[in-house]
Each structure stands twice: as structure tokens, then as C-alpha cells.
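Only one chain is shown below, in C-alpha cells, and it's the form predicted alone.
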């Protein structure tokens, strides 16, 4: 029982009707009856007060038990959540460890692929260099033609704003644009007369043969496109597939301009070499029909800046001393 409850009980008892003072002269049954009634009343009041206090205590206890139960329930939930959070953290840590291991494995695989690609690239470039050297040794005209075309292609690609990697790729791939002519009979390649329709049909086949000869290696993907498409025309009247516009790969469109310019300005068994100015006018004239106009604009700008002539002089200066024997 609390202090407030005790005080209230005392105050309740204090305000109860007081017993009359009994003197020696006032003895009798009425006095005792009053005392008895008063005592019963006080007892009833005390019992009522005790009952109220007991009920209040029961209510307080019930509330406390409810609070305790709620607290225990929440504590149990928090404990369960803590266990779940612990398991989640452990699972997350395990996933992170696994992810780090997978990342390391991926990095190792990428590094291995990079090394393999670099090795493939070096091998491919060596093969192209040997091919170019062999062509130069066998036929100076052919070797110089390939070197000039490569120089023009790289200069045009740089002028168009391509990346250094693409410039290099377009350059070494251009060297193989006529590789399919290995299958073309020499009497057709070296003919000093205009070709018949049948002979020209044989010549056209070198585009398809060149693509096939370059196989399926990713390193030669651009070279395959150049070999097959460098005789396609911007207006769609070329061969072997009649592609037009941007259906033709950019590398092939660039090689087409470089190859035709060099063919026009070089001596062939069936014609004399044109002047560089005449060759340039022919390229400009066919812009939008045979050639991509943007590529032609880049080449014309290079020509006027002296870049084309510089390339021609550099190739001539680096050429072997032995004379050539045939044309390409």
C-alpha cells in the first residue's frame, strides 16, 4: 500500500463520526449499541477502502503485467531481428567474398585475353609486314602501291578524326585489299589491253577470294571487309554485292579513294601514269557517285596541304633498289 493510500485511509477514518465520550453516569444498552454501530461503520469503511485499494492494486498489477508481456514480446522480436541481421550480415560477407573471388577470376581472364589478343595482333602485323616485304621484293611496283595506299588511308582516317587504334587498323588492313588476286591468272593481271567481259568477271572474283583467304580471325575483320568491299560504289553500282552509301564499311570507302588515286597516278601495263593533279580531279569528279563525298573532301584537303605528295616521296625514298617486273 502506498503512502497516499494510507493517508487517504487515515483521513477517512478521521472524518468518521466520533464516539460520544462515556462518563460513569451514562451506562446502558443504548450507549453500547451506538458504540457497536459506530465500530461496524468504521469497519465497513475500512473494508471498502481496503477493497478499493485492492482493486486499484489489481489494476496496476494487471497493467504492469501487460507492460511486462509487451516488453518481453518486443524483446523477443528484437532478439529475432538481431539473429536475422547477423545471418544477413554473414550472408552478405560471404557474397562479398565470393564476388571478390569472381572479380579476381574475371580480371585474370581479361588479362589473359588481353595478352592473347596482343600476341595475335603482333603475329598478324608480322604476317602483314612479311606479306608486304615479299610483294615489294617480287614486284617493286606492287610493293610501293601497297605502301602508298596504306599511307593515304592512315592520313585520311586521321583527317576524319578516327582514333589512333582505328587509324592503325585501317592502315595495316588496307595492305590486303587485293590479296585475292593471288588466284587471278597472271595473263589477266598483266594484260596490256582492255579486258573482255569474261576476263573482267575473273577480276571481280578477287574480292570474294580475298575475303575467304583472310579466314575468320577477329584480327582480320576489317581486312575482310576491305577485301570484299573496296570495289563497291557510293551509288550502289559497284561489285561484288552492289552495296551503296554507308552500307559499305568506312574502311573500304577510304581504301577505295586511296586505291583508285594511286592506280590512276601509277604506270600500268595498259596505260601511262596520270599526273597527281589529274588523278585528284578524277577523284573529285566521282564524289557522290563512286566515292563517299566526305572521304573525298578529306583526301582533297590532304592533297592541298602537301600530305599526299609527302607520302609519295617517302615511299619512293624507302623503296628497294631492284627494278620492278610487273604491275598489280
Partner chain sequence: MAKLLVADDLVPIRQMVRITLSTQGWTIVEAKNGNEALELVRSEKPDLVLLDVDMGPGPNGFDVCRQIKADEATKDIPVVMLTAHESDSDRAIGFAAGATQYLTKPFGPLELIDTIRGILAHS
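Computed from a predicted model, the values in this text were never measured in an experiment. Positions refer to the first chain, counted from 1. Basically, rigid core = biggest C-alpha set you can superpose within 1.5 Å across the two forms.
What follows is about the form predicted in complex with the partner chain, which we do not show.
In short, of 88 to 96, 213 to 221, 171 to 179, 105 to 113 it is 88 to 96 that has heavy atoms within 4.5 Å of the partner chain in the predicted complex. Taking non-hydrogen atoms only, residue 237 never approaches the partner chain to within 4.5 angstroms in the predicted complex. Contact between residue 195 and the partner chain in the predicted complex is not found at the 4.5 Å heavy atom cutoff. The partner chain in the predicted complex comes within 4.5 Å of no heavy atom belonging to residue 117. Although the partner is absent here, residue 122 is not a contact residue: none of its heavy atoms lies within 4.5 angstroms of the partner chain in the predicted complex. Annotation for residue 76: C-alpha shift of 2 angstroms or more between the shown form and the other one, rigid core superposed.
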